[in-house]
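Next up is one chain by itself, shown in structure tokens, the form predicted on its own.
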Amino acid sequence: MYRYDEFDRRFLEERVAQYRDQVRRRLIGQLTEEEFRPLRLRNGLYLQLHAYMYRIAIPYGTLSPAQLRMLAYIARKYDRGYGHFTTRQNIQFNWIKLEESPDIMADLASVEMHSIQTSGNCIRNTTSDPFAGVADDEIEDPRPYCEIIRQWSTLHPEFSWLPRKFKIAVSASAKDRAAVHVHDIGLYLVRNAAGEVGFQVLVGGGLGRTPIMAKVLRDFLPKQDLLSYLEAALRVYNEYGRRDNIYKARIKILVQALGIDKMRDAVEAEWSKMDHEPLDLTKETIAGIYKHFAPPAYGKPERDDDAVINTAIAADKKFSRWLKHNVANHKQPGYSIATVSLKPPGKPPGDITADQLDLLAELSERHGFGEVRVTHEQNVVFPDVRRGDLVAFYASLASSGLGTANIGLASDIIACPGLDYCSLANARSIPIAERLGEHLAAREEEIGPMKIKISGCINACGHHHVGHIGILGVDKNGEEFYQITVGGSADELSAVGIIVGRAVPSDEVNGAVDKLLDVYLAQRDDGEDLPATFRRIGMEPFKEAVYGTR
């Protein structure tokens, strides 16, 4: 993983000192809340319903043991003993005191972490495939380009005050595990007809109150042109994006208003008149970043690895289930990719305790070459577990409440914090997720792969629009109701789900989801996921099942 150089360290030291003085001035009344608000937001501090929330950046989701232990320390010292992983591969702490927030920033800096640009109208944390570098369907590792984008975008003078927040995702695999189509700019590493590797560039994706899938801006962009082309696209957005209406300020609205052809013409025209040379990525520059992401020293497969696993499968049904659902193929023989579920049925999705963070740090040293990845689906990936170690690895997880075997199943629910924490929410998300996950756990083997996603408001932090089944909390005269969508998807076949009908009260959500799943199970063809079945049979069977009328 990338290691800070002297410039990075000095930059963070100066930022901590600046922020500490800003907080001091706020506490003694020299800054009003209105004056302080943009300063704290640019440093990741939100004012929520009950306390300040502190959002920490985890660039492209990668964490070291030292960083995991620091997050555990922060959870214990400054919060209530736990944190919450988000759908942007970040972590949030929900019970922070303003006067202690500069100390948190200083503690983070000591392990090469920060909270800069986790809020505000700027380029946010760049996300990527949590299987990056080890996936067996990957063209090449996308993380070096995420790091290049991070360095280019942090405090970029032209893009620090965009019309609205701006999100970028990068993927390099046939299977999209990074939800590229729902980003302001999405990048796929692809090969052209000559076999050269470059980028397909997408623009104008996003969820919220106007969910739109990104469109192709450029079919092939040479690697060396990555930053200059991104800069051109951001310049067009910065100049023409709306600033008079916060709800129409995202780049997706600009693309929708212009049309993708005119948007492409504007970006290409801006790009053609730029001086590219200062932003060109030379082979030496790319190679220098790639050195930080060199593969570890893998050992040779052991002859008895499969025998150890087969013995455990025969003796332990829980391990067998975990191996089936939580372990994926690795491109290196003798190794596996293991995903740790943070979705035990009946518990808040994405929450993790300080003790569990410490355990992940220990396991990453023992079984993972000192690295873990956070997913946008609020789980944790160990990218390099020796197959012969999977039995011991699982035993350690299970003894600490982290052995849930449900990755990609119905109880692996994405949910935002909702009205339990967020001042923007209309309804609670966490209790709905807890009850629904517990309810569906008994039948999820029958259901198979399923993406259920829950948001507490139209801002869609829970990605409900692209759930196979999406659930949106709405307020009806002071009561919490839930609007249900079906047929959404966030993968390479991305689609926005369609509203089934009128919103239902909280105590009817489980029953409504059951009815949708019953239709799917009765109608699906072999190998079909729910979106595929929905595309084939349409809405009417689902609507009739829930509401009883056509």
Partner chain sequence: MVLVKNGQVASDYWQHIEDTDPLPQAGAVTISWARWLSERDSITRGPSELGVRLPNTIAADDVGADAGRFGLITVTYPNIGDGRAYSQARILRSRAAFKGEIRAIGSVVRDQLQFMQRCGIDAFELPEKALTEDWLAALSEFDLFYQPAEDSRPWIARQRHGRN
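Just so it is clear, the model here is predicted, and its values are computed rather than measured. Numbering follows the first chain given and starts at 1.
Although not depicted, the form predicted in complex with the partner chain is the subject of the following passage.
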Partner proximity in the model of the complex: Pro157 to the partner chain, non-hydrogen atom cutoff 4.5 Å:
yes
Just checking whether Leu39 would be counted as a contact of the partner chain in the model of the complex - the rule being heavy atoms within 4.5 angstroms.
yes
Glu528 near the partner chain in the model of the complex, any heavy atom under 4.5 Å?
no
Given that the partner chain is not shown alongside this chain, does Pro278 nevertheless sit within 4.5 Å of it in the model of the complex, heavy atom to heavy atom?
yes
Candidate from Thr210, Ser400, Thr285, Asn192 lying within 4.5 Å of the partner chain in the model of the complex - any heavy atom:
Thr285
Of Ser110, Asn238, Thr311, Ser423, which one comes within 4.5 Å of the partner chain in the model of the complex, counting heavy atoms only?
Asn238
Which of 256-264, 349-357, 452-460, 159-167 sits within 4.5 Å of the partner chain in the model of the complex, heavy atom basis
159-167
Using heavy atoms only and a 4.5 Å cut-off, decide whether all three of Trp95, Glu100 and His367 touch the partner chain in the model of the complex.
no
Using a 4.5 Å heavy atom cutoff, which residues in 1-36 contact the partner chain in the model of the complex? It's fine if the answer is none.
Tyr2, Asp5, Phe7, Asp8, Arg10, Phe11, Glu14, Arg15, Gln18, Asp21, Gln22, Arg25, Gln30, Glu35
